[in-house]
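Next up: just one chain, as structure tokens, the form predicted on its own.
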Amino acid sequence: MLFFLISKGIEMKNKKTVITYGTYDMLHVGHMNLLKRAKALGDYLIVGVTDENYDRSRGKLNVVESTKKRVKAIEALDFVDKVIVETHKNQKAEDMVKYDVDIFAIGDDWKGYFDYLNEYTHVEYLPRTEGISSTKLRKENFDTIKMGLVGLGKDTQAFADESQFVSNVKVNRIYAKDFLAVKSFTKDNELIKYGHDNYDEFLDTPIDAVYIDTQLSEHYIYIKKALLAGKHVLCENPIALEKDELKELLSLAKKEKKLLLSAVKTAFLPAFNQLFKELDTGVIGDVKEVRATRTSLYKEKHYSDSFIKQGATNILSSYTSLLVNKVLGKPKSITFFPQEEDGYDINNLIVTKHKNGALGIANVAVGMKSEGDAVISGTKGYIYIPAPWWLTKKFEVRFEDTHKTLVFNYEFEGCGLRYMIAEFTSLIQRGKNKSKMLTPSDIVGINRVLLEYNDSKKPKKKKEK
């Protein structure tokens, strides 16, 4: 037996191990040729398939297929010996040591970029197959999504700017009530060429979808009209300020077979999604509490009084509710501790109770400033997301033994909107009406808090004697 193990080890040592990495989206002949060239360099081929969150963190936004589907496609190739998933920047060097790699093979469009890995193994740049790529296939197989903007909100221009980094989408049209404001906005705008002050005429133009960024009270009517006009809708949260309105809009989207998605950009960031993958491993045990704070002094940012007076809960609770609900699920009860001035809440402490006694503690404010971090507490440890947690780039998994701390970094490009735009347009192109990153249940959950708060402020009807 000992002789067998020794001889087996010598046999494996004599084998030349080759490793390569890629996304392998929409597996095509170019991928196959490159992988076969890699295998020809040695005896044992390891293929690293990049995880979707890692792809998004490095700016690859238009991947059509899930990590699971891409892994299965590579596993089905009989000349591939092992498939692994690449999840972070330093993994290549780690894998080369771990698997005692002899050759790292990669396409020659990366020539010179990976020379630093010669410290660990030999780097070989392989010729690509001309005339084919996943990018080309996506352009050939998916139509360009034409989008129009509704409203001159705080993110209107940023949305147009960020859309340039997403393939197969074109944003060049806007609607707002104020004709002079629209004219001024489009006058020297390199992207937004066409302006409208009539919403029905705007919806009658050749657009496939709209992004709505207006006063919160206007969302319901703009969404409803857009859905009835056959347009997909991406709208700043809240979608509606009344329970019946939210239910109606979600039902209408389903009936019309159109995508209705809340524009809570946090939900689509690479690090935010990786956080839930770590939670799913049980690394911090049973989660008992989630704390999240989101505050902003909008007056110092010169926001209008009409915007600020929509209140802290309406403007900001979508973010804290997103984290609390995705971690703990639907709350059993919600308690509010608001401080109000001039008829609106300048801040609100929101406590939610969930199954197994878990608590959600959210603090939102437009009239005071606090540290904008978040903590997810479990029975084995906790996850800390530094401020501003809603622009998640980094999180740490911490334990009683501080030496065991795990640090995760997933940078994102721009202001983060491009990840949301990419998910929205990708769903439309693939004929999907639901996002796994922000499901209809998630949308209902994050809206429930503000809907119940608004309902609690309404005058109570007197009981008849």
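Since the model is a prediction, treat every value here as computed from it, not as a measurement. Residue numbers run from 1 along the displayed sequence.
From this point on, the text means the form predicted together with a small molecule, which you will not see here.
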Open item on the list: Going by heavy atom distances of 4.5 angstroms or less, which of Ile428, Leu34, Val397, Leu61 would be at the interface with the small molecule in the predicted complex?
Closed with: Leu34
Open item on the list: By the heavy atom within 4.5 Å rule, which residue out of Thr129, Asn172, Gln164, Thr186 makes contact with the small molecule in the predicted complex?
Closed with: Thr129
Task: Residue contact check: Tyr453 to the small molecule in the predicted complex, 4.5 Å heavy atom - done: no
- [ ] Find out whether any non-hydrogen atom of Leu227 is located within 4.5 angstroms of the small molecule in the predicted complex, and reply yes or no.
- [x] no
Open item on the list: I'd like to check something about Gly107: if you look in the predicted complex, is any of its heavy atoms closer than or equal to 4.5 Å to a heavy atom of the small molecule?
Closed with: yes
Open item on the list: With the partner left out here, check for me: in the predicted complex, does some heavy atom of Thr23 sit within 4.5 Å of the small molecule?
Closed with: yes
TODO: Tell me, please, which stretch of 432-440, 415-423, 49-57, 398-406 lies within 4.5 angstroms of the small molecule in the predicted complex when heavy atoms are compared?
DONE: 49-57
